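Subsequent text provides structure tokens for two forms of one protein chain, presented individually as structure 1 and structure 2.
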Structure 1
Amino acid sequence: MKKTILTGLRPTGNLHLGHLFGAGQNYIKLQDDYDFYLEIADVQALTDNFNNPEKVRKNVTEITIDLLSIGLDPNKVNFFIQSKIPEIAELTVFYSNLVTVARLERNPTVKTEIAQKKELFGNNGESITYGFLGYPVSQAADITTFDGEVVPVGEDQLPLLEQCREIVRKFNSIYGETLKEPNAILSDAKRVKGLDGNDKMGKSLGNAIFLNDTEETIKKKIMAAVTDPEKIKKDDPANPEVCMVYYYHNLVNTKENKEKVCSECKKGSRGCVQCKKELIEAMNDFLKPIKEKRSYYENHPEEVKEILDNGTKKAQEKAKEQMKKVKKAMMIDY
């Protein structure tokens, strides 16, 4: 029997190249070998979008279309909506008794995000909600509701997975061997940098190319991308290793063209405008099949709804079976 894999994405906006190279391509490789559950984590999206539910609601469909467009197969992947699985919320409550506030605050991933919020809002953490702090507990419930044995994550998410493993061990030590400890599947993909040279491409950073960007939008973004600051004149030799335009050529262009760009850049035989125009063409070619699939699903919303309904139904069945085991172990199976 195939092992169960669980992963999820928060519907806070469309997917960008960072999602595609950092996670999406890995999902495509894994979908043939596992019983794959992919959660559209609308409840977790509300932890920092609670005052904008329209945004979350809209993006449930948008992010599903993005995932289908990059090649995830609904016959192999169970897409489901988190809020339609009440067992996740129930397990979150049970697990909240097994984790101290101090332990949550020590979680490296949570600490980093809290520091960012303090810097952003400048109020010593008073903007941190109970739901935000308890995110790792909710994530542990996501994974164990489906008896997730493996979870695809990036290195920055490993502390969250370890928190889940701790919760599982604590639960099993009290109530008997009931839950499985999940293991990580690390992607070999590196985090994609933003057009501005930032180490992270982010939805809110204004430095991302989204999978649904129009050709005109892509043109504007690439023409504004950061190049080698030492290259002043068109014919000046430059260092492609510090140029974001060359960085993206490496992601989406052919090997032959990448080598040509690198060589000509170092010799000073190409200008940045020419290089950017060639990248725009390569980027549009790269995204063309994704956009064609996206267009199909945009024009068939009933098919997207059916995919979510079917996947959610399978997830509900699995969650109910798991909750029976949990409640029996906890002696609350009245």
Structure 2
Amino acid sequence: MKKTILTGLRPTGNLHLGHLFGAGQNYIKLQDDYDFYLEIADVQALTDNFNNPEKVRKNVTEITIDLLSIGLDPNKVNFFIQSKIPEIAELTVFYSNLVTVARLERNPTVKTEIAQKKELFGNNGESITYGFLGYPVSQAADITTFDGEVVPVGEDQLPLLEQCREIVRKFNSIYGETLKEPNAILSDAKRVKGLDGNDKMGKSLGNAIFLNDTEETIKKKIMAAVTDPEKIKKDDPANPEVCMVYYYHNLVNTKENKEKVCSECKKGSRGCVQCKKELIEAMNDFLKPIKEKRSYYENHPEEVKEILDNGTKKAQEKAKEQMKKVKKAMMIDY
């Protein structure tokens, strides 16, 4: 019997290189060995986008296409839409009795996010909604609805996993051994730096290359990338280690070319403009197969729909079974 993986993504934007080298490639490795449920977390996305339903709706399809384009196999991964699984919402209500408001307010992930969303939740989080404060509870329901044993998440999500484990222990201690305690595995062990040299590539940081960026956009972004600030003239020797252009050559170019860039940069026999042009080409080559797959799915929306429908059906079956167990344990199985 394969173990179950459950993970989720908020459909709020397209995937970028940071997602690909972090979570994406990790999912691709895991998909062979686990019973894999991948939740497109539209309900969670609405907790901080309740005033922008079009954005969430559009990105459910977009993110599914991104994930298929990087090589997730719909025969191995059950893609499903959170809002199509009412059991998750039901479980969230049951679990909400098992967690204090103070504990949610102390959750480091929630605290950070509230601070980042001043426009929505006020300068001191005074306008925080009930729904957003409670999303860790809902995420615990996401995981346990599917008996998720292994949960690949980014480091920033670890406090949410801990909160889930606490809820599971509390549930089991009151209602009897029913739920499995999930284990996190880090899915973003490989962090990708931004074009600006920031330690993290992020959509909101404005320093990302998206998998579906056009060639024109990629050109603009790479031409503006941060290079060795000490290099003024074309033939000044420089230090590739502090240059983002070299950093990306390393990610997407061949070994041979990388070495060439490195040694020519150090010698001063390479100009930054030429170096960027070569990176643009290498980046386009790297993204080409991903974009080809994307364009296939864009032209076959019925296939994308079918993949989501099939995955969601599987998820619904599993959720029904789990709900029976939970209701029996809670003595509400009328």
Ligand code: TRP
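The first residue in the sequence of structure 1 is number 1, and each one after it adds one. Only the largest set of C-alpha atoms that superpose within 1.5 Å between the two forms is called the rigid core. Not measured: the values here are computed from a predicted model.
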Name the structure that matches the description of the form predicted in complex with the ligand. 2
If you line up the core, does residue 187 shift 2 angstroms or more at its C-alpha between structures 1 and 2? yes
